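First comes one chain, alone, set out as structure tokens in the form predicted alone.
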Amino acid sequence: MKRIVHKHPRPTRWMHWFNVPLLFGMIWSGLLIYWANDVYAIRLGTWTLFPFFPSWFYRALSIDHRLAEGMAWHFALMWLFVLNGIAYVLYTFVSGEWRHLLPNRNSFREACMVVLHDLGLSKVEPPPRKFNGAQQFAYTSVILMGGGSALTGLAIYKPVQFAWLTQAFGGYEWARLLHFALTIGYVLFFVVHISQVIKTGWNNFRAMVTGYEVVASEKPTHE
């Protein structure tokens, strides 16, 4: 027997899907800005092995010589990204959804179970619930990353007006490096997130679209 159960509230789903194009737009426009001063590279001591993004990468995606366009889009989308993030955090706490989202004392042990199970090293499945331990750590981390991106972005956008904030991150260069690292973190999160969605199948994806998922009912036992 199967039954339909409610999983994700409508505001959560709306803000989730609204954030998808926003985050892609922020990363894309950020690359247009980064092209003008691409200082990061893979180095071995004083030797530069290769830049983080080689020149062919910029040419292939038509990223080069679009600094002004990138800045315009980045600063415009920034406000929507921040407002959506604030709205999500407020809703999570007001609605009580934080109880499912925030890690608890069992989350680390359960996250290890999830990783071992996904890697095929264990047959023990984590207990079925809205968010398992690994998801709790991942989703809580990405929310904190969003706050970090907003603050470091503000620190490098207005380093004079917000000198105290820039200095809190160790100066302009450290703030920019952290902002860049957080962007790479979003990309890695997206790759893992999509792979997990594909692995869990249509039912999980449908729950984020419609709010409902189909679950198997437990068979009644007779003594």
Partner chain sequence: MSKRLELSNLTDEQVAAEMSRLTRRSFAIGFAAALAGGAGVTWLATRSNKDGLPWPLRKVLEFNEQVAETIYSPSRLAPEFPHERMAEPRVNGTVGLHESPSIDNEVIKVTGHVDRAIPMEAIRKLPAREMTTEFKCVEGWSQIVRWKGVPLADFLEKFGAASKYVGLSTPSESNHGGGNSERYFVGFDRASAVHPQTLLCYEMNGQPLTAAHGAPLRLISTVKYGYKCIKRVGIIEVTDRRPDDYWALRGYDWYAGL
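Positions refer to the first chain, counted from 1. Nothing here was measured: the structure is a model prediction, and the numbers come from that model.
Quick note: we don't show the form predicted in complex with its partner chain, though the next part is all about it.
Exercise for the section: Within 4.5 Å of its partner chain in the predicted bound form, counting heavy atoms only, one of 122 to 130, 102 to 110, 77 to 85, 140 to 148 shows up; tell me which. Expected result: Answer to the contact question: 77 to 85.
Practice task
Answer with yes or no whether His179 is in contact with its partner chain in the predicted bound form, where contact means some heavy atom within 4.5 Å.
Solution key: His179: no contact with its partner chain in the predicted bound form.
Practice task
Verify the contact flag for Met71: yes if a non-hydrogen atom of it lies within 4.5 Å of a non-hydrogen atom of its partner chain in the predicted bound form, no if not.
Solution key: Yes, Met71 lies within 4.5 Å of its partner chain in the predicted bound form.
Practice task
Find out whether any non-hydrogen atom of Tyr212 is located within 4.5 angstroms of its partner chain in the predicted bound form, and reply yes or no.
Solution key: Heavy-atom contact with its partner chain at 4.5 Å: present for Tyr212.
Practice task
Would you check, heavy atoms only and a 4.5 Å threshold, whether Pro159 touches its partner chain in the predicted bound form?
Solution key: Result yes; Pro159 sits at the interface with its partner chain in the predicted bound form.
Problem - Heavy atom within 4.5 Å of its partner chain in the predicted bound form - qualifying residues of 5 to 40 - result: The stretch 5 to 40, when checked against its partner chain in the predicted bound form, contributes Val5, His6, Arg10, Trp14, Ile33, Ala36, Asn37 at the 4.5 Å heavy-atom cut-off.
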